[in-house]
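Heads up, the chain below is alone and in the form predicted on its own; it's given as structure tokens.
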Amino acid sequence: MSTAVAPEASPAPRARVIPWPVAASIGVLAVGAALGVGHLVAGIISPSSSPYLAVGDTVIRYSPEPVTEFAKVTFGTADKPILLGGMAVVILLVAALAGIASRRSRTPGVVVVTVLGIAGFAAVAFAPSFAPLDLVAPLASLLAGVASFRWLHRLALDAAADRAVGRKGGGVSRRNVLIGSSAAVGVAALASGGGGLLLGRGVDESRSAVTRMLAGSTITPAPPIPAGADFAAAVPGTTRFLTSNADFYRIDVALRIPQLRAEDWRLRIHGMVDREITLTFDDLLRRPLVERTITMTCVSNPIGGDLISTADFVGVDLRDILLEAGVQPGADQVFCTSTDGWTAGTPTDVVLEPGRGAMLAIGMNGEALPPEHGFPVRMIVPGLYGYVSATKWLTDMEITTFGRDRQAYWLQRGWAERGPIKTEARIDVPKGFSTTPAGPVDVAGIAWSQPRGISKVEVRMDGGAWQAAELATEVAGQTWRMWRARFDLAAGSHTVQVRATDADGATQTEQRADPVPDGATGWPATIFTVS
């Protein structure tokens, strides 16, 4: 009698599951590929159509005013890198989680990558400066992201299947194929992003050409800066009268500096005018060029802040151009638009004021405008805060009224309609919470009240009597003025205050006010120690 023994059943194959580190990296690589390809295509077609930058611009446009103001005051020009870095962290985190959710099925990851792509597509489509061709970059980004995810996910599942049955095989394993493919996607993503950055830098040659043109042009020069215009030689640490281009303050909402060549620039002046005018850069060069020394001030400058600078600007008189166009009665707003869609509304009567010096600037401190300061053409109106007067990368000027539907960028966010610069002062020396030796102590700084000018600056120490400060030689009402005073101080903590009086005899107010809606006010004070 024999007994049949049933063969042992083979264990059921394990389900194919991608290890979570691999799954997370697939999500990150796919989204990285999407961003890189989008940036590359945008660099070829239209730099402003990069989905990543378009999303950042959308965040800026719809951020609540307190958030925007906090970022400007706290981070200054670093606010944009911080925003882009924060976006990158969030996007990569979402991409990694999408990959982990796709360890068994690619569906969750494909959905997330698609949603991110659609978000970029929408950001580009609803951008202020949208053109139909701009949709090519976000579409390429979406396709690259989905295709990369599907491809890497399939390779990862195949490698997981080999591992599940213990298959090693000869030749090149599917695990090695996955590793090589992932590396290729990563390199391609970085190369695409870098290529997009390089392609976007297309104005260097144009800027150099403009600088050469200015060097050979006939320009009515600004009055020379007198030797006594600042106290930098006598009081170390004080501000020089002219600010270098590299140190000139920059406040704008552009995540990527517009890349517009001078030869491609056009300015359309239209609206409530008798004759519509379209100007090219060559048209500007054929007009009388004038140099003007102007101090520009940002309305977001806090009490004692550094959002103020002075430079020699070269350009053409804007008043003359508007008189040629024929501004019609009732037109009280010059509504300007930059190439990236940012807008500003300037009071027409100020622009047309004789002697005000409003200009279309093309040069700055002996060279063409730097890209970050508006190359090829920006508008400058002395005596008005920049948010209503200093449109960079200017391409459109509509003569209209404040009462119509043309509300500028910052007016939509609660800032004042008109922005005349207030009389203010700043203490540069000694620095706050610094320590200085006992004995004679120099106190110095700047004061401004464009276009009226400064007639007096007063300083007091530890709440004592006001003492008239020595004023530097005045250059013009459109510029700041330096001041200094000296005190004999004993060891200990001291507090210095300053206030300025304009050329009309009006002294800056002691009442403190935040920058919103029309500029900060108050007497600045500095606490320091004498040892």
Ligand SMILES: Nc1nc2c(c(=O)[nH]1)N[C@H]1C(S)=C(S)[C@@H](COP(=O)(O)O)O[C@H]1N2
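Start at 1 with the first residue shown and count on from there. In this text the structure is predicted, and so the values were computed from the model without any measurement.
Absent from the display: the form predicted together with the ligand. The rest refers to it.
- Residues within 4.5 angstroms of the ligand in the predicted bound form, judged by any non-hydrogen atom, belong to 385 to 393 and to none of the other stretches in 269 to 277, 451 to 459, 385 to 393, 437 to 445.
- Exactly one listed residue, out of 151, 121, 402, 248, brings a non-hydrogen atom to within 4.5 Å of the ligand in the predicted bound form: 248.
- Interface residue among 338, 295, 206, 259 relative to the ligand in the predicted bound form, by the heavy atom within 4.5 Å criterion: 338.
- Each of 253, 373 and 378 is positioned with at least one heavy atom within 4.5 Å of the ligand in the predicted bound form.
- Although the partner is absent from this view, residue 265 stays clear of the ligand in the predicted bound form, with no non-hydrogen atom inside 4.5 angstroms.
- In the predicted bound form, residue 281 stays away from the ligand, with no heavy atom inside 4.5 Å.
- Interface membership of residue 415, defined by any non-hydrogen atom within 4.5 Å of the ligand in the predicted bound form, is ruled out.
- Of the heavy atoms in residue 241, none are within 4.5 Å of the ligand in the predicted bound form.
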